[in-house]
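Below you'll find only one chain, the form predicted on its own, shown as structure tokens.
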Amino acid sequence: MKITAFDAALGALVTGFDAASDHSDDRFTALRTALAEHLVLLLRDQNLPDPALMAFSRGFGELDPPGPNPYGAPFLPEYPDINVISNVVKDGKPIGNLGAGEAVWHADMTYIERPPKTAILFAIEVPEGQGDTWFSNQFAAYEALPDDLRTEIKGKRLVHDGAHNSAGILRRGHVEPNDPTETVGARHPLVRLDEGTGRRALFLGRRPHAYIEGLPLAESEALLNALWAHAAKPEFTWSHQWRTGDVLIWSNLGVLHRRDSFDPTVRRVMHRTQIKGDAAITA
């Protein structure tokens, strides 16, 4: 197995590894170490039926079920720990989440007290040259913060919206909030301490409906706008153009990610797992 860093702020290519069968402790220790260093890992030309995807994913920790499905029942009742990301509609019903539109910068499920720490996404069908996924290194973003912003956010907590998914769809059982100060969701520090490395990262979750506790709304909006403009600067990012058989593994607590839109008439099917977070977020 070989791990080669990309010429970017994050990300590395893993070669010489079969995700369906190479499950030794030494291999997974090396993968977890590489993930902590590079934040995103890419494996090409993999074959992962759903049981194999779950077995591989468990090498990174305890599986965490996906967030509530806006369409009701799980997309894969036989494998409820797997989320389906797709634009395909079958018999008048979507077979997966998110459709074909753009997904804005976000981290997954930060609206809960213990957000998932790792995400694994496997490409089953992808439109060629479309729907790229982008990542932004939030450790690097924090380290490059201007002194005034770093001082301004010290000790502050952010309310993470739990009413909408990453495509902006209102979750079942929620009412559209009219005021960000009334946002429902977990409260996390704006700066997260990674206890494994001792480094700190910006922890922004998702921009719409977010609110910084204790600030007048106008001040919260202005500060969040400044932080998001900084967090997504090109020098912190890397983009991935998908091929069938790709597996991406990323640190959900250390990066933001987003997706480009793609032709809705072209099929895109991906299966996704996530790993339960170890603890509540600390500053």
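Start at 1 and count along the sequence shown; that's the residue number. Computed from a predicted structure; not experimentally measured.
What comes next is about the form predicted in complex with a small molecule, which is not displayed.
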Would you mind picking out the stretch of 254 to 262, 216 to 224, 59 to 67, 41 to 49 that comes within 4.5 angstroms of the small molecule in the predicted bound form, counting non-hydrogen atoms? 254 to 262
Heavy atom within 4.5 Å of the small molecule in the predicted bound form, from candidates 121, 159, 201, 204, belongs to 121
So the small molecule isn't shown here. In the predicted bound form, which residue out of 133, 110, 136, 87 has a non-hydrogen atom within 4.5 Å of it? 133
Flag this candidate site as yes only if 106, 250 and 268 all have a heavy atom within 4.5 Å of the small molecule in the predicted bound form; otherwise mark no. yes
Does the 4.5 Å heavy atom contact test between residue 141 and the small molecule in the predicted bound form come out positive? no
Proximity of residue 191 to the small molecule in the predicted bound form, heavy atoms at 4.5 Å: no
Is residue 236 near the small molecule? Define near as a heavy atom within 4.5 Å, in the predicted bound form. no
Residue 98: heavy atom within 4.5 Å of the small molecule in the predicted bound form? yes
